[in-house]
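The chain below stands alone and is given as structure tokens, in the form predicted on its own.
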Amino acid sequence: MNAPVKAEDRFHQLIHQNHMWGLWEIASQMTPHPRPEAVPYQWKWSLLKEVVKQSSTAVPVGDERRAMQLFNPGLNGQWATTNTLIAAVQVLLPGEVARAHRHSPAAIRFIIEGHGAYTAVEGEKVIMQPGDFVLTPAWQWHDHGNETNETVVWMDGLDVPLTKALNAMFFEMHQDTKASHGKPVNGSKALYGHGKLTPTWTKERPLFSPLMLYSWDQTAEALHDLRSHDGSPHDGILLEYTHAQTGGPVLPTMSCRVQMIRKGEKTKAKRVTGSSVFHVVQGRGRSVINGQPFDWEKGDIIALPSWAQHDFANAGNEDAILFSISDRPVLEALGFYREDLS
């Protein structure tokens, strides 16, 4: 004889069958601090270099790019390097063109190797050199081309996971391989690339920076000029690429920064809400992330989840330089940004 079903059990069966759950059943999800599923993870340049080499013969460039997406092993196969960001390593061989398209996720490029290839953004051909940082704002037609005799490699950064989470994904392939290149080459740099001096006759203020190219020459000069300053005890000499007109972030969803950890320097640990992806531009060092050591060197890419305690230590004979992207503008706009400085 079956035991009678308790009223409590009948009630829970009723609500579960109708896609409801009691707060008392799920309250444990209200955690005292962030507990991201993404994990700290490192892609070594020694591996990425081999991937770049083999991809050049294994994967043709057609409608899609030769871009190797970096999936965080803690996110169960999601198209994500952190919970809000995706990073990738993209390769373009001499003579290749990556077909023009546009999408609602915003993108950045940080050039790792190769001189003189271009990204064309809304008709402006942007010529790229190692260390250059290039914007591809949301819903802007863009294509990539390599008219040189060098293989060109860069890191992509996009807000794809955030866009997917908001159900705001749009994508369109251009009818032509190349979009129109009718604007002056590096035209936005000629107009807006003068630091705090901006033209008064340009009245439009887009959410993204109108400057498409932040050159390595200017970045390296700024780092050098500030090297003797105290800097941040938690980040060393840390600079943010800013909107050429407003001084805010270059994109509404992504903050892009570059930092110098000077020879012999070790920073204090900190935690912040929001996730980041780091690329080592120069030097080598060690970061301890949530108690786990990561020894990094030039070319490595590291995923840093939200609220992960981390520090930086220079372990080499030269200054170390790291480029990073983060979702901080979103956190700040929503009032979710916090930091814990040890």
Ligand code: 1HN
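All values derive from a computational prediction rather than experimental measurement. Throughout, we count residues from 1 along the sequence that is shown.
Note that the form predicted in complex with the ligand isn't included here; everything after this is about it.
Heavy atoms of no residue among 132, 135 and 213 are located within 4.5 Å of the ligand in the predicted bound form. Checking 109, 243, 125, 189 against the ligand in the predicted bound form, a heavy atom within 4.5 Å turns up for just one residue: 109. Screening 146, 255, 90, 83 for any heavy atom within 4.5 Å of the ligand in the predicted bound form leaves a single hit, 90.
Residues within 4.5 angstroms of the ligand in the predicted bound form, judged by any non-hydrogen atom, belong to 95 to 103 and to none of the other stretches in 231 to 239, 95 to 103, 173 to 181, 192 to 200. Contact annotation: residue 67 falls within 4.5 Å of the ligand in the predicted bound form, judged by heavy atom distances. Taking the partner from the other structure, the ligand in the predicted bound form has no heavy atom within 4.5 Å of any heavy atom of residue 250.
Contact check for residue 117: every heavy atom lies farther than 4.5 Å from the ligand in the predicted bound form. Mapping the unseen interface onto this chain, residue 260 falls outside it, with no heavy atom inside 4.5 Å of the ligand in the predicted bound form. Residues of 281 to 299 placing a heavy atom within 4.5 Å of the ligand in the predicted bound form: none.
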